[in-house]
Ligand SMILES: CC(C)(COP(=O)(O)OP(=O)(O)OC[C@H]1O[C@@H](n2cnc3c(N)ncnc32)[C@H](O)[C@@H]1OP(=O)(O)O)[C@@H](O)C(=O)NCCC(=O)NCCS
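The chain below stands alone and is given in structure tokens; this is the form predicted on its own.
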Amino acid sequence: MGMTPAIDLTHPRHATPPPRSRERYARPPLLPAPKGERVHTNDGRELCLRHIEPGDVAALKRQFGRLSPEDIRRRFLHAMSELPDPMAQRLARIDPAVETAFVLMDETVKPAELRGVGRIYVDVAANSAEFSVLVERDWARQGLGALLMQRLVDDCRRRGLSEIWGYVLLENRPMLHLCKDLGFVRRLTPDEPGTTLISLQL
């Protein structure tokens, strides 16, 4: 039998076609979310850091019930007496193409309780994302806000975004100090008295 002729990969018929523009400039595919990792507070308490799940609705509502009116205003920028079930369902069932939400779960109690949450909403047209971070008061000043913010920044960079930003109440000094340490800058918001817009160029 004769030998099979070698294929000339340099021949136009066999050369790999150049990628289409939409493929060439497409965002990199999102990697599967890790199942979770153990993290520790400054005083040694252990939490599980993971992505939010649809089954976290009840934990979200229980956490809301533990928040003070001040905590609620800092997170939602207005007063709320309860977290309606449709809103809790929406917060737990995110669209991973344009949202990320990390939760800090306390698994030393049953049922496990949600102690902190950080999330972004991507504005595809602006190639940026709005963030929000909340840590329960009894777990504050333990490095958890910084941990959540850094993970959100990392996620924005992984997505190829150019900016992460958010509105923060001027009275929320811990968040303003944290974001300043991470390199965020403040902008005036004359249309939103009592709040400031902070942003980080990525």
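Residue indices: 1-based, along the sequence shown. This is a predicted model, so every value here is computed, not measured.
If you look for the form predicted in complex with the ligand, you will not find it shown, but the lines that follow are about it.
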property	result
Touches the ligand in the predicted bound form: L144 (any heavy atom, 4.5 Å)	yes
In the predicted bound form, V133 touching the ligand (heavy atom, 4.5 Å)	yes
Touches the ligand in the predicted bound form: D191 (any heavy atom, 4.5 Å)	no
Exercise: A59 in contact with the ligand in the predicted bound form, heavy atom 4.5 Å	no
All of V124, R157 and G160 with a heavy atom within 4.5 Å of the ligand in the predicted bound form	no
Contacts with the ligand in the predicted bound form, stretch 176 to 194 (heavy atom within 4.5 Å)	H177, L178, D181
